[in-house]
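This document opens with one chain alone, in structure tokens, the form predicted on its own.
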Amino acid sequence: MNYLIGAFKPPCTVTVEFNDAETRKQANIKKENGQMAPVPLFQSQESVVGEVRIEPLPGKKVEHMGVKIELLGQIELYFDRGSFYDFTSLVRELDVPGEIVDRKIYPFEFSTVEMPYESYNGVNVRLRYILKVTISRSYATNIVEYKDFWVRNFSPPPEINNSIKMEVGIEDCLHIEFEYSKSKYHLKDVIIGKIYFLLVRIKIKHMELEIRRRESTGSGPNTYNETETLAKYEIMDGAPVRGESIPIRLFLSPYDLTPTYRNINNKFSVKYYLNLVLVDEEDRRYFKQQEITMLRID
């Protein structure tokens, strides 16, 4: 609940509820305070239906210049905190100017709303959907209440999903070939592949496969790149020999993954990479990175 200047409480409570709150699926989302909380889950083209309840405190009345509810899709870049870029903005007027002396309930409906982007909480950016109720007042601060909800959208399985084959090496020292069975993965998929050692003249201590997420925000000279290592999977411990092949099987379901996002509203992108890392006995690291596409498939 928002507070007026001088820390006075507003003269009413405002509650926003969805009509199907008891049956709708929930997403457990980490809030800004680090705590996990359930949030109603929607998909694009769904209708957002519910009611707003305004209840004056005992002995109080609410004089207002109108009541409205907005459905907003916003992108917030943390280096520009406080500035929101609205890519979806719908408004419903709930009441004309007047006063509220008793509890009032206002039904609302936003029909088949296009919500083109998924909700996202990243390192430097947040994409969110909210319902915003505003009670406009002429001589006092407006009363504003927010209700968050989460959006997830599903993609069809890809018609073409080519394998990845690459050769990497250091001249006269190391030559390996790696192969992944496909280049596009759903969020609960399994990465299956093989690594072939064609030439080994350095003493390799161990080898691991990393999943990395790179978040890019801004543009031009103001581009910020943030890379997180989400998973480390040891493929091999010990020195390989020429002709040896090492299988890869990495399950994705334990990790907190999102789909790949490409240039969302010209504000940010999120890409995923498989990073193959070899460490020799002198702790020198050799690596090869390969981009993969992540999809949310129903």
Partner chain sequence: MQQPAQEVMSTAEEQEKWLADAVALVQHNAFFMHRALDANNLRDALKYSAQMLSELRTSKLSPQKYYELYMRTFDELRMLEVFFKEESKRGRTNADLYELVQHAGNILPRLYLLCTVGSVYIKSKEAPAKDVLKDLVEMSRGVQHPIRGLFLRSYLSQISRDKLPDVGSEFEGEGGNVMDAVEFVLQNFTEMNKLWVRMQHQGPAREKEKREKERSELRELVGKNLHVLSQLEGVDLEMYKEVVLPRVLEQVVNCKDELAQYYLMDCIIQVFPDDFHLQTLETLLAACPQLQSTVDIKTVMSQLMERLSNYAASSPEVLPEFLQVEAFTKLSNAVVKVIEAQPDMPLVGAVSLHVALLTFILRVHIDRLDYVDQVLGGCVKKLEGKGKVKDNKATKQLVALLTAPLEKYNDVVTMLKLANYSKVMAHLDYETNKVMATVIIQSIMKNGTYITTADKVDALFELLRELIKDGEGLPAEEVDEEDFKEEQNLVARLVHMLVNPDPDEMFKILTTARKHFRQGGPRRLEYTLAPLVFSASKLVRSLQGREASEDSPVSLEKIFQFLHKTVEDLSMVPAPELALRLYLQCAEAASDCNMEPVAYEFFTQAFVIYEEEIADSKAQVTAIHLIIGTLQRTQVFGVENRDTLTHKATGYSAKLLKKPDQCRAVFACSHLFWVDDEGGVKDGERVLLCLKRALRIANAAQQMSSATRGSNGPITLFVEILNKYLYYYEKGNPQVTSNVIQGLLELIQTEMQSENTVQDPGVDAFFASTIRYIQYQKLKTDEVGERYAAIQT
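Numbering follows the first chain given and starts at 1. This structure is a prediction, so every number in the text was calculated from the model and none was measured.
Same protein, other form: the form predicted in complex with the partner chain, not shown, and the subject of what follows.
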property	result
The partner chain contact at N28 in the predicted bound form, heavy atom, 4.5 Å	no
Contact of K184 with the partner chain in the predicted bound form (heavy atom, 4.5 Å)	no
The partner chain contact in the predicted bound form: R249, any heavy atom under 4.5 Å	yes
Interface membership of S253, the partner chain in the predicted bound form, 4.5 Å heavy atom rule	yes
Of D80, E228, D148, E208, the one that lies within 4.5 Å of the partner chain in the predicted bound form (heavy atoms)	E208
Sole residue of S269, S44, N265, S245 within 4.5 Å of the partner chain in the predicted bound form, by heavy atom	S245
In the predicted bound form, segment of 165 to 173, 216 to 224, 198 to 206, 129 to 137 with a heavy atom within 4.5 Å of the partner chain	198 to 206
Members of 271 to 298 lying within 4.5 angstroms of the partner chain, judged by heavy atom, in the predicted bound form	E281, D283
